[in-house]
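The chain below stands alone and is given as structure tokens, in the form predicted on its own.
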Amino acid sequence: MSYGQPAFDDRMSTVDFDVAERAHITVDSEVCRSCRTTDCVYACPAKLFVPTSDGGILFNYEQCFECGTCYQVCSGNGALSWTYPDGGHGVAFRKG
């Protein structure tokens, strides 16, 4: 007997986000405006980076998986500042 892959919504129902007041990732929009690749937009598995009409990047940290992919692919020197969330906050996989 074979079981299929669980649906995305089913997987996400086991994830909990305890959002800290302080963002653990900050984006320097001025540096982002000179970026020609916007790799963070395509690489983020949670789709939290959104290009703005003026060439900057809007980032929403509240549902971040904390994987660090954005930091790894960012080619802009100083565009992203990434740390782990404050103690006790962040993403918790397999809640319940």
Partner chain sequence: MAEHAGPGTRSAVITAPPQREVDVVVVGAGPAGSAAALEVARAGHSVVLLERGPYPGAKNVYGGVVYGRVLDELVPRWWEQMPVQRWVTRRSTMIMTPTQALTVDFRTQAWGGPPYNGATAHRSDLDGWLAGLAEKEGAVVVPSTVATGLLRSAEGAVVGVRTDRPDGDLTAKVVIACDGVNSFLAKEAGMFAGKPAGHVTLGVKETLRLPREVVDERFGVTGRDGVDIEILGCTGGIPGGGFLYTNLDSVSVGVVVDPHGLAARKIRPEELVAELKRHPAVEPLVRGGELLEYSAHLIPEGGYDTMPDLVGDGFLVAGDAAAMCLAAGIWLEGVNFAIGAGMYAGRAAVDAIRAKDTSKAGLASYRRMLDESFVLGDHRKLRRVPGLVLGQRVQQDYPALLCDLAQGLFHVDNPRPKPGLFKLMRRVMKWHGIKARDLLSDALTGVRSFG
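Keep in mind the model is a prediction, meaning the values are calculated, not measured. Positions refer to the first chain, counted from 1. The term rigid core refers to the maximal set of C-alpha atoms that superpose within 1.5 Å between the two forms.
Keep in mind that the form predicted in complex with the partner chain is not shown, yet the notes after this line are about it.
Enquirer: So, residue 76 and the partner chain: in the predicted complex, are they within 4.5 Å at any heavy atom pair?
Expert: No, residue 76 is distant from the partner.
Enquirer: Would residue 68 show up as a contact with the partner chain in the predicted complex if we use heavy atoms at 4.5 Å?
Expert: Output for residue 68 is yes: heavy atoms within 4.5 Å of the partner chain.
Enquirer: Is residue 44 part of the interface with the partner chain in the predicted complex - any heavy atom within 4.5 Å?
Expert: Yes, residue 44 is a contact residue.
Enquirer: When the contact criterion is heavy atoms within 4.5 Å, does residue 12 count as touching the partner chain in the predicted complex?
Expert: Within the cut-off, so yes.
Enquirer: For a quick check, can you give me the residues of 77 to 94 that have a heavy atom within 4.5 Å of the partner chain in the predicted complex?
Expert: Residues within 4.5 Å: 82, 83, 84, 85, 86, 87, 88, 89, 90, 91, 92, 93, 94.
Enquirer: Superpose on the rigid core, then tell me if the C-alpha of residue 21 is displaced by 2 angstroms or more between this form and the one not shown.
Expert: No; residue 21 is a residue whose C-alpha shifts by less than 2 Å between this form and the one not shown when the cores are overlaid.
Enquirer: With the core lined up, does the C-alpha of residue 12 move 2 Å or more between this form and the one not shown?
Expert: Yes, shifts by 2 Å or more.
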